[in-house]
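In the structure tokens that follow, a single protein chain appears in two forms: structure 1, then structure 2.
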Structure 1
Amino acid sequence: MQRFPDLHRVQSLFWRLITAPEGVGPGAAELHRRGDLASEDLSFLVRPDARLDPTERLDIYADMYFHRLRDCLAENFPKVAAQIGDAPFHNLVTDYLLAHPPKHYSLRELGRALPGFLETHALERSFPALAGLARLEWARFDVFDDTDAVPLSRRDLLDAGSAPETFVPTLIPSYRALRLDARVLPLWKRLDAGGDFATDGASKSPTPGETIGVRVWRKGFAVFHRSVTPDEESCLELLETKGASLAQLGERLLERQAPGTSHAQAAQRLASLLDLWARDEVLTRGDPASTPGPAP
């Protein structure tokens, strides 16, 4: 009979046993093989009863732990779960947790690596754009509880027109820029409508390999996403680092227009983008001291 350990040792053994990839029994055998347990008999740790031995009782906790993690990932990636179905999602979670066991004290971080994991998973071949769908879901989840900032209003931007060289807007913290498989947004809409990628108009989908820019942001307690045009994407990239003056945004925008575009046309396009960003509340006031140099 092994001697009952101190509390720290109990907690450590409990954790290692219920998180053992193959189950409590194989986990105990591995700990015994390593010399961390005197034997595979766990009765020193958990009392048996008439129905269950110690290993079986601990397996209940192991199952509860896995299902809690699976449910957490299903809450963070509901579209991915809906796209592939319950059984494949269960198996995906199993594969993912084997490759990326939780290392953070908060379950909030549990799914951070899932989009990247899906890029090389077999499901990506069966369900096109699945990794991109996961990236969009994670970005939407991630911005929800990011830092608040006071957004710039349309009046703020109109008043700034008198000082385009010194007024420096930047993007709110709860903003993410993505470049996704162009099939992701149509897939998202079909899933919202109760359809799926395989059965609902796949022939109308964008060409495989085609990508689009997408921005994700929080406005109040609501999270939004939308595609962006190449010129908007370029301006947002400039804003995302340290912010940019209105004059620098105008220069960047003029560079991204078709040959022959006049300064007046570029200015009009900038005005429309500023109006859009103000309505979406994605801009906040930046630090003039950190303004980048002339746009490359």
Structure 2
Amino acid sequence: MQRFPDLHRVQSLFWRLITAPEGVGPGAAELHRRGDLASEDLSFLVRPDARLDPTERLDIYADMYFHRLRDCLAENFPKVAAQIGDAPFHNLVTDYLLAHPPKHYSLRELGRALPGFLETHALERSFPALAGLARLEWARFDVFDDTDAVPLSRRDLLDAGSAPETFVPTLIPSYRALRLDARVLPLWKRLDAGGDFATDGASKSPTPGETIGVRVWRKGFAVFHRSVTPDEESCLELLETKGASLAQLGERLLERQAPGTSHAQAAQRLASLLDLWARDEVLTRGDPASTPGPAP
């Protein structure tokens, strides 16, 4: 019989046993095979009784560990779970937890790496655009409780028109820019008809490899997403990177328009974008300390 170990060894063994992918019994066998346990008999660690042996008692914790985390991921990624079905989702979670065991104190962070993990997972071949779907779900989840900010109103932006060189808006913290497989938004719509989002690309039949820009943001306490045109995406990128004056945004638009586009046309496009952004409440005042100088 092995001696009862010290507290650190107890916890290390406990952790390895309850997170063993095939369950505690096979996990103990593996530890024994590696020489980490003198035998597969776990009665040196856990008292057996008439109802359950040590392996079965540890399996209670193994089940709770896996099911709690699976349920959390299913809640964070409901469309991914619905798209692939229960058994594949169960297997996906098993694979994911082996690659990304939870480390953060909050369950909120558990799924952060799942979209990236899916990009190279075999499921992505069976379910095209699955990783993009996960990225969109995570972005929506991630902005839900991100930092609050006072949005700029249309009035604020109209007033700023008198100082286009020095007024530097920036994007609210609860904003995310994504570049997604173009099949994601139609898939989203199929999975959630009548959702709280606007999309202008859902009716197209995207070709494999085609990508689109999508922005995700929180307005008040509600989360939205929508696809963006290339010129809007370019301006938002400028805003997101370092903030941008209205004059800089106007120049960026002029660069992006077809040859021959006039300043007046670019200004008109900027006005319509500012109107849209004000309505969506995605702009806030930039940090004065990071205000850039006049555009070169």
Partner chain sequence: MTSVPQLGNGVGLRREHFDRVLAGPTRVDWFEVISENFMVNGGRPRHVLEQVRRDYAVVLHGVSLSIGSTDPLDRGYLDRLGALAAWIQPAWVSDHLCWTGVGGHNAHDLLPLPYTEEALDHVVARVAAVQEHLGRRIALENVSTYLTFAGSTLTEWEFLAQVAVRADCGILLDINNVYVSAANHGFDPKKYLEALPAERIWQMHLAGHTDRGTHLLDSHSRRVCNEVWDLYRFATRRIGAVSTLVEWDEDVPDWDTLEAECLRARAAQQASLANPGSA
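Throughout, residue numbering runs from 1 along the sequence of structure 1. Basically, rigid core = biggest C-alpha set you can superpose within 1.5 Å across the two forms. Note that the structure is predicted; figures quoted are calculated from it, not measured.
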Which block is the form predicted on its own? Structure 1
So that I can tell if L236 moves, could you say whether its C-alpha shifts by at least 2 Å between the two structures after the core superposition? no
Superpose the two forms on their rigid core, then report whether the C-alpha of E22 is displaced by 2 angstroms or more between the two structures. yes
Once the larger parts are superposed on C-alpha atoms, what angle in degrees does the smaller rigid part turn through between the two structures? 18
Please give the CA displacement of P48 between the two structures, in Å, after core superposition. 2.8
